[in-house]
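Below you will find one chain, with nothing else, as structure tokens; this is the form predicted alone, and questions on how it binds or moves follow later.
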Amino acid sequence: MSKLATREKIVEAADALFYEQGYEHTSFADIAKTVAISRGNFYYHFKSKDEILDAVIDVRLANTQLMLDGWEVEGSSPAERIRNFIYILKTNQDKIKRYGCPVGTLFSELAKLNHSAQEDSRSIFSLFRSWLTQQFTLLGCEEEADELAMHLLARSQGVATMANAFPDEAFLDQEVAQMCAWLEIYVARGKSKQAKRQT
């Protein structure tokens, strides 16, 4: 295995373990065992768990950006792209019901620890926030775009937390449907504004 491949395997394993059992409760030994490498080889790539955490956050940011870029290509309208965001809850429901939201749980843990990386972990939320703000702006809701983005982020986080506490698929389905219905209000509002501009 090449040095780069080994490093990527370490980060991939750490990412999963931080999500499933928490950053604080994951040790070097846990990660090394998952990757099946010696401690010496492990320390060649990372000198501390904080270095691994930084790499995990970087990977999560990059993966989030790739997902958003994909939605830009696949989604024919801002409403469709926002629905893609809402449907994350359904796409990842099994893991969410078991472990919660990977973004929210990591940030909450780092905040409790007053960890220096909490600002970096918040940047994943910021990425979603700015992207959703852009979509609501394109939808015709310029004046309240950021407010709507924050509302949707907050609601999706709340739903993920409750789905983790009460792993009920019907609840998740109901909340996703309600968020989509809420979105339709602003789709109609945007169309109304656009029609007025054209008259």
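Sequential numbering from 1, following the sequence displayed. This is a predicted model, so every value here is computed, not measured.
Only in words, not in the display: the form predicted in complex with a further copy of the same chain, which the text now covers.
- Using a 4.5 angstroms threshold between heavy atoms, residue 33 stays clear of a further copy of the same chain in the model of the complex.
- Mapping the unseen interface onto this chain, residue 113 counts among the residues with a heavy atom inside 4.5 Å of a further copy of the same chain in the model of the complex.
- Contact check for residue 126: a non-hydrogen atom falls within 4.5 Å of a further copy of the same chain in the model of the complex.
- Not displayed here, a further copy of the same chain is approached by residue 105 to within 4.5 Å at the level of heavy atoms in the model of the complex.
- A heavy atom within 4.5 Å of a further copy of the same chain in the model of the complex is found for one listed residue only; from 57, 159, 145, 68, this is 159.
- Contacts between 155-171 and a further copy of the same chain, taken as any heavy atom within 4.5 Å in the model of the complex, involve 155, 157, 158, 159, 161, 162, 164, 165, 166, 167, 169, 171.
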